[in-house]
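The chain below stands alone and is given in structure tokens; this is the form predicted alone.
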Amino acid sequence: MQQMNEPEIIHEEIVTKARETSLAPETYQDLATLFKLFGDSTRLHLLHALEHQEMCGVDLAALLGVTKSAVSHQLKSLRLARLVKYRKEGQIVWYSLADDHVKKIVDMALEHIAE
């Protein structure tokens, strides 16, 4: 007999298999946080631009038509999530994608919406 607070299960073997392949709740939270970063069109524009070439923050601001401060704020979020990296050359800070995984995510999303 089913306990009061236990959810009903119709296909026990399917649920058991799904539980075996489930990840830790913290992993799903980290994944959701990552996808939230992709949920902003300004950040996506930055990532797409950096997919093609390294750019400085001033040029990125000009490309997007926003202030340097606005770009800096978005780049900080992307840096903290390890989606972009930077290097300094004198007074200029150059940004690029952190790795090929980021490019693949953006490209796969673009391919998906083009279908």
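Basically, rigid core = biggest C-alpha set you can superpose within 1.5 Å across the two forms. Worth saying up front: this structure is predicted, and the values here are computed from it rather than measured. One-based numbering along the sequence shown.
Omitted here: the form predicted together with another copy of the chain. The next part is about that form.
Within a 4.5 Å heavy atom cut-off, is Arg87 in contact with another copy of the chain in the predicted bound form? It does not: once another copy of the chain is placed as it appears in the predicted bound form, Arg87 has no heavy atom within 4.5 Å of it.
Another copy of the chain contact in the predicted bound form: Met55, any heavy atom under 4.5 Å: Because a heavy atom of Met55 falls inside 4.5 Å of another copy of the chain in the predicted bound form, the answer is yes.
Closest heavy atom of Val106 to another copy of the chain in the predicted bound form, within 4.5 Å or not? So Val106 counts as contacting another copy of the chain.
Heavy atoms within 4.5 Å of another copy of the chain in the predicted bound form: does Lys36 have any? Flag for Lys36 set to yes.
Could you run down 45-82 and flag each residue that has a heavy atom within 4.5 Å of another copy of the chain in the predicted bound form? His45, His48, His52, Gln53, Glu54, Met55, Cys56, Val58, Asp59, Ala62, Leu63, Thr67, Lys68, Ala81, Arg82, in sequence order.
Once everything's superposed on the core, is Ala18 shifted 2 Å or more at the Cα between this form and the one not shown? Ala18 C-alpha, core-superposed: shift of 2 Å or more.
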